[in-house]
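In structure tokens, one chain follows: the form predicted on its own.
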Amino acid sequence: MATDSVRSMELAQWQAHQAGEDRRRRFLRSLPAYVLLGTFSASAILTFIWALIMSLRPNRELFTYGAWALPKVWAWQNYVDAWRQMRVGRYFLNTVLYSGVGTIGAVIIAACTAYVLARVKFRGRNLIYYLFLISLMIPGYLALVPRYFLMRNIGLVDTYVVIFLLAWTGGLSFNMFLLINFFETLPTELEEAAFIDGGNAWWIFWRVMFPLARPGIATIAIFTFMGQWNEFMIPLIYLRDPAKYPLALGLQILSFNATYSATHTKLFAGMIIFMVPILVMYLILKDRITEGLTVGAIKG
């Protein structure tokens, strides 16, 4: 009995030693990735902190003490001035409008298209699906010039409609491809039961199938909203009236103006106003993003 006890202890020690060795080997293999990602994360965090500190400094301190000194006086007024005097408030509301309407429309169009291609059998369905799939391989910048002339010819340049329209259709292929994986795996018995209960096609989609695809829908909604919030190129090409600019484009214009005026710290305040909402949104919904992508990958 004593011998068995000693052997059990030795086996347990050997297993603990092997487990420790395995952990060290895994850590050493992952060390380059940890260093790379840690360096990138640290640089992003330090950049945000520096921009936040700059936004709270009076402009005269920037020229007196340099760009790396801490504020002697905390200038919270920079945010008020940026919001009112530098039109950041107007740009912010435009960005909320473009992101909100663009996200709602993109989700509805992608969900309807994906549901039809996944659940309805008709001639040419596979051809349409592969055409959407092929469009994912075409760089979007190749369509900038012909798309601009198309929008100009139909009179949509410098309108809100062109921003909404491109938001709804710009990511349609990716959104549809993601949602098809959800709709294809839903049991047909659900549709049959809803049809027997008297539901029409739209009622079945909206009340039965759409809620079951919520993980994928939430994922594309978050990605679309973040993409529209950061959108710069499309407003730059299609908008002429500064009153319609989103925050990303408005801050770029303000940065040019800051070269000839003493508004640098107020510009940093505008940058923080631009970054904080999308950062908070990501921190709150990051688990939902991971869940949606993972479930879609498993179902596909």
Partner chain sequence: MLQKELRKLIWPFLVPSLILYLVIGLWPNIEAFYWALTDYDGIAPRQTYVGLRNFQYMMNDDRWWGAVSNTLYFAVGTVFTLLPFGLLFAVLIMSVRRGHGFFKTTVYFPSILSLVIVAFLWVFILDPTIGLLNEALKALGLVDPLKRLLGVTALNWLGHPKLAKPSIIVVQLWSALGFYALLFMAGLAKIPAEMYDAAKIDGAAGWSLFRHVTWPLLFPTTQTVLLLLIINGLQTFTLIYALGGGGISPLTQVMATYIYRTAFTDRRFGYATALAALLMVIVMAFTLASRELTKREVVQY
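Source: prediction; values computed, not measured. Residue numbers count along the first chain shown, from 1.
Same protein, other form: the form predicted in complex with its partner chain, not shown, and the subject of what follows.
- Remark: residue 151 counts among the residues lining its partner chain in the predicted bound form, judged by a heavy atom distance of 4.5 Å or less.
- Not displayed here, its partner chain is kept clear of residue 73 by more than 4.5 Å at the level of heavy atoms in the predicted bound form.
- In the predicted bound form, residue 212 stays away from its partner chain, with no heavy atom inside 4.5 Å.
- Taking the partner from elsewhere, residue 19 is found to have every heavy atom lying beyond 4.5 Å of its partner chain in the predicted bound form.
- For the candidate spot formed by 26, 44 and 135, every residue has a non-hydrogen atom within 4.5 angstroms of its partner chain in the predicted bound form.
- Scanning 101, 186, 218, 165 against its partner chain in the predicted bound form with a 4.5 Å heavy atom cut-off leaves one residue, 165.
- Note on the partner interface in the predicted bound form: the residue among 80, 97, 172, 208 having a heavy atom within 4.5 angstroms of its partner chain is 172.
- With contact defined as any non-hydrogen atom lying within 4.5 angstroms of its partner chain in the predicted bound form, the contacting residues in 18-54 are 26, 33, 34, 36, 37, 38, 40, 41, 43, 44, 45, 47, 48, 50, 51, 54, given in sequence order.
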